[in-house]
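In structure tokens, the next block holds one chain alone, the form predicted alone.
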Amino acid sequence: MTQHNRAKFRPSGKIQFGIFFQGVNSGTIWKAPESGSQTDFESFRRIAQTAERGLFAAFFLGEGLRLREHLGRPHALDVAGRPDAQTMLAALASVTSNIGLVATQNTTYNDPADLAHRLASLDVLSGGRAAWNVVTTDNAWTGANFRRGGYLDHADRYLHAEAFVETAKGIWDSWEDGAVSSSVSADSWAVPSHARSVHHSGQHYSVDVTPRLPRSAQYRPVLFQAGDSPEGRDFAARQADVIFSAHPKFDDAVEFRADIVSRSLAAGRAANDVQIMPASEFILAASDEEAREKKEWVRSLQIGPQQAVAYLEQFWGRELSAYDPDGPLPEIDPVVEETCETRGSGFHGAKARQLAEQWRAEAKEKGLSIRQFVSSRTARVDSTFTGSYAAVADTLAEYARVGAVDGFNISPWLIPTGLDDIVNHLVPELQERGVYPTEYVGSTLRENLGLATPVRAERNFRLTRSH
């Protein structure tokens, strides 16, 4: 961060937590006796209420629009089958009071007027606790689930998303302050011309809508965004309130913060306007040694013999069940040159043959079996905090001191008890260090994140974009 930008940025000295309840994923343990249902409402209720007891800012639901495949079939080892995000969050709104409710929703396969109304509905019904994690998708494989599937060029995904978000903001901005009467003696329920029409004409859709809902207690839903490409970072700097980043390691987080501050200032926003909450995993215990032992147990269930072989099969593109998980990597070459999006974001675009050669050499040099090698590849080294409650609290306090992040979105590896250690032991340690909230400061997500109320845009509500 330049000296000029550093002078403009003000670390809050605090961190907050969110929970990231994933969609289709391989990191959640389902084989342990302690594992609960991945679809029953009780699991969602239990973990959301635990998060709220721990003063978490937000409950974040991931989205999987299509099941990841394995050799052309749905991946049977993945956790899958999440209920619809907005349906689940609406249900959770009735059993929680303060925690934010974040829905991952795709700009490519939704209609802006419809999605804006559904998010506004959640925001109004929850008392101003709704948020939208804005994601883009352009591949035809996912698009095959939709009538419009596969139509969006990769280069256009953020152009399209920005037009979508601007249209949604126009819809949320369209009701005047004080539009709804606060007195039964008023001549009408709403002030005449209380809602302005929103028009958008673009390449992929046209909108001509008069919004149906007044503003919520927090004005409009909070916007999260997770794209990490240069285009994604610029989009976040212009549009997002919070970035769900992939940079939890300290030095990387500091560098990412500097980049986002620079992009935010270039976009005409203040240095502190965009908050950063990286994805993270916590494996904690009373002592560092116990935490290391616990981590080995977690990894053994995340990457068992079946999972280890299946991981290689995703790159090799062929059955490898004849190979011993505790033996060396396969000597045969992959049958694919490059892996595709059907296998998930962690596999998409990988140069399979080149990787196979590199991995065989690395595993041989280090004396690693298939299972040991895959475990080392999937250990979430960059996103895992392992250690005693006190040691991890000290580490996070340093993040808060320099403003490397504003918080962490925690992916629990066990449902529904995966937050218990964090809430019962880590949160009190952080509170003792003065870097974690001791109460919810307000009733809305925007208040609890410390975000300013958006300035109402001076717009003519005719939004025209080329995408």
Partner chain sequence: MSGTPGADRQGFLALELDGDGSHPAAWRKARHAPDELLNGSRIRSTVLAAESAGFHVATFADGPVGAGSDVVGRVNALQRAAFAGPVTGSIVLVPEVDTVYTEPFHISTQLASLDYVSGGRAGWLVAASGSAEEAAAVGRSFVEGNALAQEAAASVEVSRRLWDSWEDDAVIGDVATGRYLDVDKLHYVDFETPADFVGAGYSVKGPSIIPRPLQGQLPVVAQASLLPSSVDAVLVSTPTTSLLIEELAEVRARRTVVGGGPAVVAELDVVLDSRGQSASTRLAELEAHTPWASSRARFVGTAAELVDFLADVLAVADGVRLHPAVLDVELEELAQLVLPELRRRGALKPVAQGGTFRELLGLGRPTSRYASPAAAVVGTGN
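Positions refer to the first chain, counted from 1. Quantities reported herein were computed from a predicted structural model and do not represent experimental measurements.
Beyond the structure shown, there is the form predicted in complex with its partner chain, which is absent from this document and is the topic of what follows.
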Interface segment, criterion being heavy atoms within 4.5 Å of its partner chain in the model of the complex, picked from 279-287, 365-373, 178-186, 312-320: 178-186
Of Val335, Ala144, Ala267, Ile332, the one that lies within 4.5 Å of its partner chain in the model of the complex (heavy atoms): Ala144
Among the candidate residues Ala168, Leu122, Val134, Val392, which is the single one with a non-hydrogen atom no more than 4.5 Å from its partner chain in the model of the complex? Leu122
Partner proximity in the model of the complex: Arg292 to its partner chain, non-hydrogen atom cutoff 4.5 Å: no
Taking any heavy atom pair closer than or equal to 4.5 Å as contact, tell me whether Pro83 reaches its partner chain in the model of the complex. yes
Contact flag, Asp228 vs its partner chain in the model of the complex, heavy atom cut 4.5 Å: no
Taking any heavy atom pair closer than or equal to 4.5 Å as contact, tell me whether Thr417 reaches its partner chain in the model of the complex. no
Residues of 201-223 having any heavy atom within 4.5 Å of its partner chain in the model of the complex, listed in sequence order: Ser206, Val207, Asp208, Val209, Thr210, Arg212, Leu213, Pro214
